[in-house]
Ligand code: URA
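So this first bit is one chain, no partners, the form predicted on its own, shown in structure tokens.
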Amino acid sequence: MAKDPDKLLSEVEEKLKFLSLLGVEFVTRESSVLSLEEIILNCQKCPLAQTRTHVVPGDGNLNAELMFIGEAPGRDEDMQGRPFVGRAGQLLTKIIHAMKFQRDEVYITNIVKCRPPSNRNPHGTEIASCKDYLLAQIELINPKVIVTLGKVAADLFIRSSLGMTALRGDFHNFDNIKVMPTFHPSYLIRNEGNKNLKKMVWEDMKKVMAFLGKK
């Protein structure tokens, strides 16, 4: 039986108060993220809970300075319970390595934590149901840079009517965190003959690398 999210949240708050009294900052962050993941894993807030195989909270370094955020899990992610493990995930991993990071040095997640049927874009109500989980992850991990993958993810952080081609390439600010919007890896795969798209993504990532001091 799934646990009551409100009860879980109360338990998390009590646990964090105790850890804070101990003055163990790193343990507090780690425990906070893991406790948040437990809440996400038991979430029943929207209809996607009825069609999912696994919830996909996120994966990576809890002290990451770089965070990647996509729109929602796909079929492979739904089966494995981990973000970006299919073809798009393999491409993202190559991009991360080209940026001189290892995958376990960054944090990867999605706006929506459950797979929408047929890999459609998440609906506004689904995003609204999941948004607080993502914002809590960002607050706890506190990255220096967020890279949003695709227009759906970018729209959550950047209010603009511009399409991705015009929106990408420049940093935006979100609660003192730099946000770099770029194309989703799945879009690159669908348009793999378009070398200009790959060039634009790499230009975006070079700006992120420069900001983070990667040469």
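Every value quoted in this text rests on a predicted model; they were computed, and no experiment measured them. Numbers for residues come from their place in the sequence shown, where the first is 1.
Not on display, but discussed next: the form predicted in complex with ligand URA.
- Contact check for Glu37, Pro57 and Gly60: none of the three has a heavy atom within 4.5 Å of ligand URA in the predicted bound form.
- Of the candidate stretches 64-72, 156-164, 47-55, 169-177, only 64-72 has residues whose heavy atoms lie within 4.5 Å of ligand URA in the predicted bound form.
- In the predicted bound form, no heavy atom of Ser129 sits within 4.5 Å of ligand URA.
- Looking at Gln137, you'd find every heavy atom of it more than 4.5 angstroms from ligand URA in the predicted bound form.
- In the predicted bound form, just one residue of 102-140 lies within 4.5 Å of ligand URA by at least one heavy atom: Asn110.
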